[in-house]
Structures are given as structure tokens and as C-alpha cells.
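Quick heads-up: it's one chain on its own, the form predicted on its own, in C-alpha cells.
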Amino acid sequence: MAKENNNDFMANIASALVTTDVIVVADFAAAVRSNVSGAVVTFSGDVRDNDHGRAVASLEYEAHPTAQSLLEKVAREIAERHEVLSVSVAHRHGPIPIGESALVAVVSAKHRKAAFSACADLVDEVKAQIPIWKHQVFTDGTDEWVNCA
């Protein structure tokens, strides 16, 4: 599903996935690599054992049914906005163990500046637009819902 962006680049959306499966960063990076790209930038948003000074016991993401189609839309928009060759993004939902990836974004481009810029923009747009909510339970027995990706 290639799209032409504003700079006459043909950007490929290698993947845009909302899943309950484990996300392996290397698999998503491999999907955007090519002999044309001079830069591949990856981001992995990992589940940590603490939040704002509180110990986290468990974490679960809940995804709205529209999350998949909206993630695809965001990936296309980022590809069109930046001089990139390929974009791959995934957000996991369901229970996720501490230390595993919840959000992975990977961008390839001819040059590093475009790849870094597009990857940062992709992560920001996923967090702003995708209806996925985080429920974390703390070791003291309290919990919170966060409307973010």
C-alpha cells in the first residue's frame, strides 16, 4: 500500500498493527530495511515497573474497535508528511508483562534527520489519536486508567 508524499517519495506502509501478540522490535525493523535506506530509526515503548514514583504490579491496554483502522490512517499520514521510504508501527493490547514492548514505531529514510523526525512524529500521533487506554495496577493495591497509547 504505497502512498506518494508531498516530496515525491513513494513511502511504503510495511505494517500498522493493533495486536495481542508479543511485538518483536527486530521484526518490524527488518520490514522497513532496504538497500535504498540510509537510516532506520526504531522506538520501543516498553512496560516499566514504576510510574511517577509508584511501583507497578501489572499493566493492561484496552483497544477500541476502531484502533486498527486509525493506526493505519496515522501511518499513512506520517508517510505522506515526511521524506520516508517505509513505516512500520504496532501497538499491543491486553495484559503486557513488565519489560515487554507495548508500542513499536520504525521508520526508514534515505537520511537520518527525516527518519528521526518521522519516527518521533509517528509516536506522538499514535499517542494523540489512537483510542487505546492503559490500566495499571500498583503494588499498593490501587490502580489507574490512563487515556494514552
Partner chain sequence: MAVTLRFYAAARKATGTSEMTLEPSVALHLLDQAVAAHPKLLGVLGQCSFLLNEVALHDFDTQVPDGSTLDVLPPFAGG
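Residue numbers count along the first chain shown, from 1. Everything numeric in this text was worked out from a predicted model, so none of it was measured.
Although not depicted, the form predicted in complex with its partner chain is the subject of the following passage.
In the predicted complex, residue 94 stays away from its partner chain, with no heavy atom inside 4.5 Å.
Residue 22 falls outside the set of residues with a heavy atom inside 4.5 Å of its partner chain in the predicted complex. Its partner chain is not shown here, but in the predicted complex it comes within 4.5 Å of a heavy atom of residue 64. Looking at residue 138, you'd find every heavy atom of it more than 4.5 angstroms from its partner chain in the predicted complex.
Residues of 109-137 that come within 4.5 Å of its partner chain in the predicted complex, judged by any heavy atom, are 127, 128, 129, 130, 131, 132, 133, 134 in sequence order.
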